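Form predicted alone, single chain, as structure tokens, below.
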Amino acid sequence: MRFDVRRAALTLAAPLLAIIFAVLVTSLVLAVAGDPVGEVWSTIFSKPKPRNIVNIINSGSVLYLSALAVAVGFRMNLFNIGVDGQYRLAAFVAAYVAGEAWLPGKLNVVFSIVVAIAVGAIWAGIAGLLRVTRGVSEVISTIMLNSIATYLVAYLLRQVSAKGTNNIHTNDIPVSSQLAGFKIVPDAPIAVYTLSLLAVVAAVFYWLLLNRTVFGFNLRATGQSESAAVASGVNVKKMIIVSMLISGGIAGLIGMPLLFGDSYNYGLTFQTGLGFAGIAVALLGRNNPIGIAFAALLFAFLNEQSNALQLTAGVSNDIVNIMQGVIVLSVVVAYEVVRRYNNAAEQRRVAAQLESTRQPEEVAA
């Protein structure tokens, strides 16, 4: 039990160190700029109002899906930097399909979600295929695919939107397919997205896949040592393609809560940048489904609370972006420091056990 407590404390130490360091660096930046440090932190860490709580939950669920999509690749040492393009293309196609209403009511929602998963998986699969057939780094290919997806969506959006208007978007989703959400926060004028539940489903899927399947074991083994995985008979090329397909499929879900719970169409104002934010959240959460949940809620909390900075403290909310960036940079260092401390502590513990067993033997001799 003592060992478990120590290990849990060490697991929490790295992200906590990163957050503390980020607060110190951000405070230094504020002080140098002549901004009120205390007022900024009192605003950010003030008690959120009911509306803010709902926004934090909604934003956190979307960031969670984004981070899971990234984490699948990270567990195999694959860097799927293309989550942003995958979810945007998937959201556009799903919005177009939902707007056409080929199926009635909630069947339209289910069909659109399946389409989004397929589109995200196919777009990510291109990078996986290039990796195994041509040896193209998935970092380079996914970044290029992000750019292609951006321009492809922009082109297609102009083709399907109504002519003669500056408000460019797909057809609105029929009312019968719109999801009202859950009124779970008292006194909040808005609701939690119904499809925030996709984050829960994806989390269970991710945990079961990694910890209760042969594929998950092979994925983790390949991530730790590709040569050892090959020696044990793992088809690494197949693992790469399947992992990218799964990562892209989860990425396809990112825009669904927003689409069916808020915007009801895909247009110029549809939220972007979620894929890159997911990288930071996955790093902070250490690719663990529970850790990612805390990291997603932290980032969502900071984003939501920073909206009031301009009014209350006269400070741009971009300061939160600085803080999040410092967290990402420092978390890697913090994990390495904790890892080395843990290894040294483990060596001391083993040495103490060996010494304790050696002494009775020496006395008997």
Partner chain sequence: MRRSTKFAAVLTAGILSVALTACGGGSDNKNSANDTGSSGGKSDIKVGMAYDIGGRGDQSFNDMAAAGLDKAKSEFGIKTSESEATPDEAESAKEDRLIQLADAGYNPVIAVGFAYSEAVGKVAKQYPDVKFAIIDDTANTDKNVTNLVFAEEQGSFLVGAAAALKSKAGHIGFVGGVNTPLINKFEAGYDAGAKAVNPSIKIESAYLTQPPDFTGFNDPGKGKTAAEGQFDAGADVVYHAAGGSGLGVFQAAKAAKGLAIGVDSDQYLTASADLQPFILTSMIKHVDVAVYNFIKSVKDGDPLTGTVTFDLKAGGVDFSTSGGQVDDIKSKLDDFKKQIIDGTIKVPTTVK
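Positions refer to the first chain, counted from 1. Quick caveat: nothing in here was measured; it's all calculated off a predicted structure.
In what follows, reference is made to the form predicted together with its partner chain, a form of this protein that is not presented.
Q: Okay, which stretch from 203 to 211, 143 to 151, 244 to 252, 178 to 186 lines its partner chain in the model of the complex, with non-hydrogen atoms inside 4.5 Å?
A: Of the options, only 143 to 151 has residues within 4.5 Å of the partner.
Q: Gly105 near its partner chain in the model of the complex, any heavy atom under 4.5 Å?
A: Gly105 lies outside the contact set for its partner chain.
Q: Please determine whether Leu311 contacts its partner chain in the model of the complex, using a 4.5 Å cut-off between heavy atoms.
A: Residue-level check for Leu311: yes, a contact with its partner chain.
Q: Looking at the partner-bound form in the model of the complex, is Ser46 within 4.5 Å of its partner chain by any heavy atom?
A: Outside the cut-off, so no.
Q: Does any part of Glu100 reach within 4.5 Å of its partner chain in the model of the complex? Heavy atoms only, please.
A: Outside the cut-off, so no.
Q: Could you tell me which one of Ile173, Ala121, Val192, Ala280 places a heavy atom within 4.5 Å of its partner chain in the model of the complex?
A: Selected option: Ala280.
Q: Find the only residue in Val37, Val328, Val338, Leu297 having a heavy atom within 4.5 Å of its partner chain in the model of the complex.
A: Result of the distance check: Val328.
Q: What residues, if any, in 235 to 263 have a non-hydrogen atom within 4.5 angstroms of its partner chain in the model of the complex?
A: Residues within 4.5 Å: Asp262, Ser263.
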